[in-house]
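This document starts with one chain, in the form predicted on its own, laid out as structure tokens.
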């Protein structure tokens, strides 16, 4: 039952201090009625004996302390859940913003869920095809994994996120993902881009979008990922769907966390972020996975921008400790016109070995990506030598490696923003690029696989296709 007070004591920015309260709980929802009858919402940030500190969602402008009526709701933020959420767009408070009407809930849940119990987890092992060769072939994503994208200002992470959202599927089962998309602190133009792209491609029909704009309250930014994950848990573990959760931008989320921490006058940690940043992020990331006895799953692709492209910044640094790898975007590749500009050497998927091989992708996958990595690394070394000594000083072998690295970036990493590659195409493309080398140079691939795929019909057809493409350029 709601309890009403008129004992407001102090306002500081979006924070309101209320005295002489009883039975108030942390994160409890609050309604503030202004003198003119307008209602604002808030949430309890701190309780100290008979005093409660409230964060007002809409800000405290125009709030008159003696006239304000404070009503504590006795519950924290809840979200209405239903299968009808698919195809809908919501704001940071879980309210529809797409003119589609209110959701009739099948149930309501507190958004502050808990990480999956490790004992109940099933190990991720099923390959997810994103349609990107640089991910599927080299840094494979598996169902139930959390694989973040580390980006920077001006890099095309939004474009990649939209493309993954519409292309991702579990190969072999013919199952598309339901997508829960959470955008935090983005601009109006970015929001319009995501919504229009989802509608243009039809991906909106199997997606739930939560949008928080840059000028929306910071407290909503804190709630957005929890709303998205609560929705994902419902769709995955109650409706047996495979759910892909894409969250952008986690750096904006952490900035909101820092803003609220500073308003509460908490002792700051690294670069002003609260000391509990690691725990808070872990509480979000560890809600991904698979549960024994459940056919649904939650796979996470969090996207975060690194301030000044600094990998040691607290947000990417702590994220790297919690998640199973990272996809890192490269500004140097972007300048060369490569999309997606993925730095495959710096990127890593710690679970890639679990989702590939015979019965999942193809028997040659593991050996092939090891060989491609090795040849590309040699090519980058040759490129550095060419810069220092000049290309004329390179040996014939080094020139082949240099040519390979150029082709690898141009054909394997780079692809169109509407190009959805199958894993078979990606693997055949890898073999085509390795034909620059003799069979004896392929030290990391088993002989029986070389004999089977090096001169295969599929690779020969692909080679003809790429020759025509090169001539067209």
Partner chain sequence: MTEKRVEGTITKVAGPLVVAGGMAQVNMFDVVKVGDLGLIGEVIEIHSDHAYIQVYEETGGIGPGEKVVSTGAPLSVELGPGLMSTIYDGIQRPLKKISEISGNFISRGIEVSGIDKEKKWAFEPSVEKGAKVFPGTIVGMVQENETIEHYIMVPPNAPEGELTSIKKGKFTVEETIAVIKAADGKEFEIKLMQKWPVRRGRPFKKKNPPTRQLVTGQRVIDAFFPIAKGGTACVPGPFGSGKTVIQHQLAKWADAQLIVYVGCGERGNEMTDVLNELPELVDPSTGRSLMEKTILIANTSNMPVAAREASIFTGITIAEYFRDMGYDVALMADSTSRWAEALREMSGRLEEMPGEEGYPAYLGTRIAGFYERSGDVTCLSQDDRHGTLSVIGAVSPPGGDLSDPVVQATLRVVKVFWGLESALAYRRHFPAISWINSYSLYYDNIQEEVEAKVDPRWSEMRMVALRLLQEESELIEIVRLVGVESLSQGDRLTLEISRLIREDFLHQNAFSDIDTYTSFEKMFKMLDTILFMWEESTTGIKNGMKVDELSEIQSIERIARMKYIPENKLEDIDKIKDSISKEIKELLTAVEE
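Predicted, not measured: the structure shown is a model, and the values here were computed from it. Numbering follows the first chain given and starts at 1.
From this point on, the text means the form predicted in complex with its partner chain, which you will not see here.
For the chain shown alone, residue 278 is a contact residue for its partner chain in the predicted bound form, at least one non-hydrogen atom being within 4.5 angstroms.
Remark: residue 343 counts among the residues lining its partner chain in the predicted bound form, judged by a heavy atom distance of 4.5 Å or less. In the predicted bound form, its partner chain stays beyond 4.5 Å of every heavy atom belonging to residue 84. At least one heavy atom of residue 320 is located within 4.5 Å of its partner chain in the predicted bound form.
The listed set 177, 194, 401, 237 contains one residue whose heavy atoms approach its partner chain in the predicted bound form to within 4.5 Å, identified as 237. 120 is the sole member of 153, 187, 295, 120 with a non-hydrogen atom within 4.5 Å of its partner chain in the predicted bound form. Across the options 94 to 102, 209 to 217, 128 to 136, 112 to 120, residues that bring heavy atoms within 4.5 Å of its partner chain in the predicted bound form belong to 112 to 120.
Site residues 49, 146 and 291 are all in contact with its partner chain in the predicted bound form, judged by any heavy atom within 4.5 Å. In sequence order, 24, 25, 26, 27 are the residues of 11 to 42 having a heavy atom within 4.5 Å of its partner chain in the predicted bound form; the partner itself is omitted from this view.
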